[in-house]
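A single chain, nothing else alongside it, follows as structure tokens in the form predicted alone.
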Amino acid sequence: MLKLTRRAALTATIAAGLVAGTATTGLAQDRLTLRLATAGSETDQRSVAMAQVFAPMVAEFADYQPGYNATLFAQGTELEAISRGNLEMSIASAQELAQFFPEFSIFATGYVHQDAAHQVRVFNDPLMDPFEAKVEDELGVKLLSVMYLGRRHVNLRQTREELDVQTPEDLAGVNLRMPGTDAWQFLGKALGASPTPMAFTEVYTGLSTGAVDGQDNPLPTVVDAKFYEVTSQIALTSHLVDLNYIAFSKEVWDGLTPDQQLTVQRAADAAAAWGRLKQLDKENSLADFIRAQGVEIYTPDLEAFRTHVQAQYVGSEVAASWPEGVLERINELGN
């Protein structure tokens, strides 16, 4: 009841501001402040897409204020902040949403999404309607668009002479940094490793000191965060075609005019599309740069990883939360 009351009050306040700003000729319309909280850096491709594409498109009625490197809210707390009315926007993962709604773990399952285009088809398919409706109704968060983060690979401190990863069995006993949510930890175990929860902002130091043996991220993130400085090898496991959602406060959304809602939606889609193309281009070009830094990059036995990982989900508690027929529909959209 408290959340609904706060939502109604905020909606009324915004609506009143919009009316007051347009009722008198010559008076400037009250502007919105849209703060985005992200654990990513200013040069992260998602951050760049929001700043260079989203922000200009909403500039007529809103001031965009990003908070990078988890400076506004700690990683993993952003969705709760939006729900409380303390934040307007975030870049949220399926794993984070699975903390509230376990069925979202299906979008964070290893080897389910096939590529960036498949992600978009899934997000735009009617299968997403009940997922999005539940997030809006129960958390007060609207998922505007899907962003492509990239193919995640296993990065290790050890050299191949010390640890040559070809199959999941080779990761036994490896402390692999994974974000702290249950979905992430399950995936780490499914890969054959010993997952270690750690905030993204602590990963570089963790690799440098040996607190963790490795981490998993797409190549653009490896470069952006300079993980190549504390990494000796990258096994191109491609175990997750990772995604993020542009998450927006439903309270704020409901206070926008229809034209403003359309503008925000178009801005989010444009930012996601721009970022997707840039991220794909970076993925295709960064391997040579990383190798030049002394990091060995190679492809392990992908079929062994795929078979092992997917087998871990069969009959698990994680899979029990998936709505009937959704996995089959996702697979159909990939064909």
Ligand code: KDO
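Just so you know, these numbers come straight off a predicted model, no measurement behind them. The first residue of the shown sequence is 1; numbering continues from there.
Heads up, the form predicted in complex with this ligand isn't pictured, but that's what we're talking about next.
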Open item on the list: Check for me: heavy atom within 4.5 Å of this ligand in the model of the complex, for each of Asp44, Gln75 and Asn217, yes or no.
Closed with: yes
- [ ] Please pick, from Ala62, Ala39, Val309, Val295, the one residue with any non-hydrogen atom lying within 4.5 angstroms of this ligand in the model of the complex.
- [x] Ala39
Open item on the list: Just to be sure I understand the contacts: of Ser90, Ser105, Ser93, Asn155, which is the one whose heavy atoms reach within 4.5 angstroms of this ligand in the model of the complex?
Closed with: Ser93
Open item on the list: Please determine whether Asn244 contacts this ligand in the model of the complex, using a 4.5 Å cut-off between heavy atoms.
Closed with: yes
Task: Residue contact check: Gly110 to this ligand in the model of the complex, 4.5 Å heavy atom - done: no
- [ ] Please check if Phe200 has a heavy atom lying within 4.5 Å of any heavy atom of this ligand in the model of the complex.
- [x] yes
Open item on the list: Can you work out whether Pro179 and this ligand are in contact in the model of the complex, taking contact to mean some heavy atom pair no more than 4.5 Å apart?
Closed with: yes
TODO: With this ligand left out here, work out from 185-193, 145-153, 159-167, 118-126 which stretch has heavy atoms within 4.5 Å of it in the model of the complex.
DONE: 145-153
